[in-house]
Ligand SMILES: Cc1ncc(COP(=O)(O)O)c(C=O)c1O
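Here's a solo chain for you in C-alpha cells, the form predicted alone.
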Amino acid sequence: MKTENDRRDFLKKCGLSTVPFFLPPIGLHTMPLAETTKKTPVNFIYDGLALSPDQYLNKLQEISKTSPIEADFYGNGGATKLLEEKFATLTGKEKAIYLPTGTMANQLAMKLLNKNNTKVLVPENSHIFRDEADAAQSVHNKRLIPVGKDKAYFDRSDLENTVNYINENEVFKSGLGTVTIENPVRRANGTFVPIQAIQEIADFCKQNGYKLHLDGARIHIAAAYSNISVAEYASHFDTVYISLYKYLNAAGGAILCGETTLIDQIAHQIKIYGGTIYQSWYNSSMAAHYLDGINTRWNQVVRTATQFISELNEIPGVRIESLKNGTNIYNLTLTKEISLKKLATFLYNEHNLWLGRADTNKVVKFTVNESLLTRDLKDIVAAWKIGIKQAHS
C-alpha cells in the first residue's frame, strides 16, 4: 500500500501538488475556509473542477431536476446508454461502451485490436507504457515496444525506424499488430500531437496492416487548443478512449469507441477482469451533463486564459509562458523576491484560488480549466495583484 508520503512524492514529481503548501493532497475540501473564501474555487492545478462530495451530490440533484436520471443495470440502459450514444456520435464511431477505468479501456482495446499478435508500439512517455503496471505484458501477453524516447510525441519517421529495427534485429518478424498514440501527452505537459503527424502515422499503419488506438483521455482539451475536432482526430483511429473524470467532472469512468464488432466484445472482457459494475449512472449522468456544450465552454476557457495570462504577465516579477503545441498547461515562474508559498497561501485563504508547487527548476505548472469561467476575471486578477504585493519578501 502506498503511504501518504509516496503519494505526495508522486504528485510533486508530476508538478501536481495541491495547495496551499501546508495541506495534504487528500482532504482539501474538508478544510475550513475563512469567511472571505466562501467563493467558488478556481483551481490552477487540475483539468476539471475538482468537485467536493457535497458539490458533486448537489450537481447530480440539479441535473436530475432538469432531466430525471435513469439508472443503468450492469452498464445497460439508463444514463449510461445515453452517454455511450453521445460518445459514438461525437467520435463518429459505430459504438461506444462505458468502462470503470482508462487503464482497462486502453488494455482491452490493445488486446482485441492486436488479436494473436504479440507486439504493440507505444509512445515511450505514454500512460500505457509508464503508468499501467505492465498490464499488457503480465495480463494480456502483449509486448510493449516504446517509440520516440526523449520526444513529446513520435512521428512517422520514428515509427518506421522502430519497425525497421525490429525487422532487422529479430529472427521472427511477425507479431506486430497495433500502434498507439496518446493525445494530448500528459508527461509532455499536455502537448498535443499535430494532426499532420497523426495522418502520416495512420497512413503508414494502413499500408502495413496495423491497427491504431488513441489514448485520448484529454482529447477535448487537445481539440480546443489545436482547433481540430474530436471527430477529426478519432477518424484516423480504430479505437478511441476518452476519460470521464479529467475534465468531464465525473467521479470516475471511461468510454471506449470503435467498430461494433470490437465494442461488442468488451463487456465480456470487462467481466473477465473484474470490472463489471452494478450501476454507473452517477458517473455517466455527470459526464453527459458536462459533455453537452463542452466545445463552447473550452473555447471560452482558451480565450479567457489568454486574456488572464496577458494581464498577469504585466505584473512585475510574474512570467507565464505557453508551450510549443501546448494546451491548458503553462509554465509559471516568479522572481526570487516573490515567495511562491506566501502567494499560494494568500490566494487560497483569502480568495479560494488554488495554485500548485514549483518543480526542481522553480517552475509551477499553471493549469487552466472551466473553473476559470465561474468567477469574474477582474476579481481574480485583482486578487493576484494583491497577493503578489504581499508575497514580496
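When you see a residue number, it is the position in the sequence shown, counting from 1. Every value quoted in this text rests on a predicted model; they were computed, and no experiment measured them.
Separately, the form predicted together with the ligand exists; it is not shown, and the next lines address it.
Contact between Asn106 and the ligand in the predicted complex is found at the 4.5 Å heavy atom cutoff.
Interface membership of His220, defined by any non-hydrogen atom within 4.5 Å of the ligand in the predicted complex, is ruled out.
Although the partner is absent here, Glu132 lies within 4.5 Å of the ligand in the predicted complex, judged by heavy atoms.
The shortest heavy atom separation between His127 and the ligand in the predicted complex is within 4.5 Å.
Out of the listed residues Phe204, Tyr282, Tyr245, Tyr225, Tyr245 is the one that sits within 4.5 Å of the ligand in the predicted complex by at least one heavy atom. A heavy atom within 4.5 Å of the ligand in the predicted complex is found for one listed residue only; from Gln269, Thr162, Thr101, Ser229, this is Thr101. For the three marked residues, Phe87, Lys95 and Asp238, no heavy atom of any sits within 4.5 Å of the ligand in the predicted complex. Across the options 151-159, 194-202, 273-281, 180-188, residues that bring heavy atoms within 4.5 Å of the ligand in the predicted complex belong to 180-188.
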